[in-house]
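For reference, the chain that follows is the form predicted alone, supplied as structure tokens.
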């Protein structure tokens, strides 16, 4: 830091140089985040300096958090849920498993997740000292319930189902996991970080949320298909006693208890989540998902024309393609300015069709992909 500060104009010009180095979303088919809705940006700015870590000072922001959680819960089958706005899926998953661990009785706790679970569960294994057991997938890349059941023992404190897997966009058989959880009286967490704002608006109905009796908690990220500013996640509990397992005494604040993993929390993202959900409504999200699924269908139809097949028919706006030499195709597409990603096993090209992708850009991408695939 310099002794004498620089002018606002100079600093902003420097920032513009750095911002220009960031990737524009319009050529990104790898990310599950997108441009925030303008109303989310305005709401974030209005509440930017509020701190939900000391909620007694910012009662308006605190009330907005309760409203946002109720809207998330209503969308997912239970408007009476407890929870809070997190920094995203990783924090939500950590806190859900922490609550499950703390509410159980085990000196050697374990949880059972699918092999396709998000890498946040590897962090959970390290942070919470919980044994994370990974169950195999079926031929459709969903977790196999029989493999889950085989992993359960007396020290299993939670099962985890994924509703919208990061790699394949698949939905685990949550109903079967719910039945298992009810029968064995085990906590069931559903990671719907991506799927929460997609699955309710698909043409085909899926059982995945609090309408199932065994679902104890859910992760739902407004900053993905919810079109909120970053970082905005949601952690929801059916039973408020599970939220109580996360309490920490905070005697020197205006509140005497915190439940969040982070201490200081900006009310900006909470206000943004509230604003965009109020503004969009279910109809708005339904239209957004319809657009993304239309584009997804177009992508699948087009790649089949030049001999490329998806590993599975897309369930949501995630497409996984068998392009042969995946690494080479991805490299050549990157040279053409396209950002794609890969799956771990099997290795394949992974594409996420988000609202920022225009029809024109999609056709340009497909033209380049066809050219690259024909060259190999």
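None of the values given here were measured: they were computed from a predicted structure. Residue numbers count along the first chain shown, from 1.
The form predicted in complex with a small molecule is left out here; the points below concern that form.
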Notebook entry, point to check: Of 270, 93, 217, 114, which residue is found within 4.5 angstroms of the small molecule in the model of the complex when only non-hydrogen atoms are counted?
Noted result: 93
Margin query: Exactly one residue in 166, 288, 258, 82 has a non-hydrogen atom within 4.5 Å of the small molecule in the model of the complex; which is it?
Written below: 166
Item checked: residue 312: touches the small molecule in the model of the complex, heavy atom cutoff 4.5 angstroms -> no
Check: Looking in the model of the complex, any heavy atom of residue 88 within 4.5 Å of the small molecule?
Finding: yes
Next item on the list: Determine whether any heavy atom of residue 242 comes within 4.5 Å of a heavy atom of the small molecule in the model of the complex, and answer yes or no.
Entry: no
Check: Should residue 191 be classed as touching the small molecule in the model of the complex when contacts are defined as heavy atoms within 4.5 Å?
Finding: yes
Margin query: Taking 4.5 angstroms as the heavy atom distance cut-off, pick the stretch from 180 to 188, 294 to 302, 114 to 122, 144 to 152 that is near the small molecule in the model of the complex.
Written below: 114 to 122
